[in-house]
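This document starts with one chain, in the form predicted on its own, laid out as structure tokens.
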């Protein structure tokens, strides 16, 4: 498989504190790649560097061979890299359709927030939104206010917002965070289906989900890679077991 996302010696420092040290990551096209590790392992900082939310101190981020290390965060979706966040960042007083519509319009420079255009006036946007609604099984909630959705539905909508840019690589920060046990199967199904059209990199504390959906796993501890491989290989790595202080993986 070809490599679609890669980091080379990625390091992030905050003054004297080193959050990530020389991380080399290689994500194969058409896979789901999990990034796991105990609390404080540097997972979120690493994701923020991938997404451009924070600048790297040194090293490189390559997307399909293109160096995007210094590319601005808002330009990365246009380059093919999109993300969701651990904490829901939706417009709660707008409908599901309107949240997706704004995400689509934001992809066009100068037209990101044309609030005076009614939704029905933007035909191509409406079509794109309806495709994502169907993709995420939220078509029945098209006109529902986000505040009226269940937490699980909001997490799915977060993925839908990220999908509006038609990413080739999708970064998901704890997509099942706060979801009830009854909602998680829907997310698992969605992720498994999405792998057919884009590569997924995810941070996830739900190790059961990682084992079920991920093709490869990278384990961080203290900002460094301590193990990588298939879920089975990682779960049997003594370094990983020690890092999780005996937790079952």
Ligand SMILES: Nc1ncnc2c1ncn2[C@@H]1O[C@H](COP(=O)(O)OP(=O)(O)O)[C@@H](O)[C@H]1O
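Residue numbers count along the first chain shown, from 1. Because the structure is predicted, anything quoted here is derived from the model rather than measured.
Keep in mind that the form predicted in complex with the named molecule is not shown, yet the notes after this line are about it.
*Of the listed stretches (177-185, 57-65, 211-219, 31-39), which one has a non-hydrogen atom within 4.5 Å of the named molecule in the model of the complex?*
Single hit among the candidates: 31-39.
*asked:* Counting any non-hydrogen atom inside 4.5 Å, which residue from 69, 45, 206, 26 sits next to the named molecule in the model of the complex?
replied: Here the answer is residue option 45.
_Contact with the named molecule in the model of the complex for residue 19, defined as at least one heavy atom pair within 4.5 Å: yes or no?_
Looking in the model of the complex, residue contacts with the named molecule include residue 19, since a heavy atom lies within 4.5 Å.
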